[in-house]
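Below you'll find only one chain, the form predicted alone, shown as structure tokens.
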């Protein structure tokens, strides 16, 4: 908790909100901020550790944000006016995972049960969003090392539903979820004798494509699962 609070304290010193590009980092940092603001006992414990690092907790009342929250709730109007290449004909499954919107007392910017912010962003970009019921299920990332079998099963369920719904890709906002859904995709295909060939892309890549940025500039040529079939659908 103190390690997460250290980043919060550094942001507080600059009186700037802290933006996290990982669901786990966002969730932990938001928990640390809440502890500093609302839990006197935890505040004292964390402050004692931070003082050993030469840091103190500032009075600046900042927020911890994540990329989806900022894009959907701060930059919506800006994005709306700058869409240059709508992603018509592309079907996406929006995957939030288990930490981006839960628990609601830590997050609170979207529904913890059935969030829609990423769905709305993808629709704004011109894509078709499939009805993805597994959008907040755990991908098994936190238990991949200790319980690999269960983790792969959890990941498989998400891939299965996205494939069944006809999605051209899964859109997400967390590198740990990406590791499971993309890096482990070949392992799951081999283990269960199935085939997905399903690109896993970040919401920032979807937005970037709609803004007219080139796939290469967005790094979409560096994915483990090729994005070529997805990009071929974008005219």
Partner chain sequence: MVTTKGKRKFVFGLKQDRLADGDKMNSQLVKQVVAEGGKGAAIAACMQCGTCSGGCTNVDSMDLTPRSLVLMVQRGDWEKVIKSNTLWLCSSCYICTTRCPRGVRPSDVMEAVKAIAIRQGIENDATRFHKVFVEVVQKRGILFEPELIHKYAGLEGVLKQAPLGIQLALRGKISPFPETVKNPLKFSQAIEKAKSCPQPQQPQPQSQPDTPTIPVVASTPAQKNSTSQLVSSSRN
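All values reported here derive from a predicted model rather than from experimental measurement. Positions refer to the first chain, counted from 1.
Just so you know, the form predicted in complex with the partner chain exists too; it's not on screen, but the next bit is about it.
*Asks:* Look up in the model of the complex whether residue 189 has a non-hydrogen atom within 4.5 angstroms of the partner chain, and give yes or no.
*Replies:* Heavy-atom contact with the partner chain at 4.5 Å: absent for residue 189.
*Asks:* Would residue 27 sit within 4.5 Å of the partner chain in the model of the complex, counting heavy atoms only?
*Replies:* The answer is yes: residue 27 has a heavy atom within 4.5 Å of the partner chain.
*Asks:* How about residue 52 - does it come within 4.5 Å of the partner chain in the model of the complex, if we only consider non-hydrogen atoms?
*Replies:* Yes, residue 52 sits close enough to the partner chain in the model of the complex that at least one of its heavy atoms falls within 4.5 Å.
*Asks:* Determine whether any heavy atom of residue 99 comes within 4.5 Å of a heavy atom of the partner chain in the model of the complex, and answer yes or no.
*Replies:* It does: once the partner chain is placed as it appears in the model of the complex, residue 99 has a heavy atom within 4.5 Å of it.
*Asks:* Judged by heavy atoms and a 4.5 Å cut-off, are 31, 147 and 183 together in contact with the partner chain in the model of the complex?
*Replies:* The answer is yes; 31, 147 and 183 each reach the partner chain.
*Asks:* Only one of 159 to 167, 91 to 99, 121 to 129, 78 to 86 has heavy atoms within 4.5 Å of the partner chain in the model of the complex; I'd like to know which.
*Replies:* Comparing against the partner chain in the model of the complex, the contact stretch is 91 to 99.
*Asks:* In the model of the complex, which residues of 218 to 235 put a heavy atom within 4.5 Å of the partner chain?
*Replies:* Heavy-atom contacts within 4.5 Å come from 221, 222, 223, 224.
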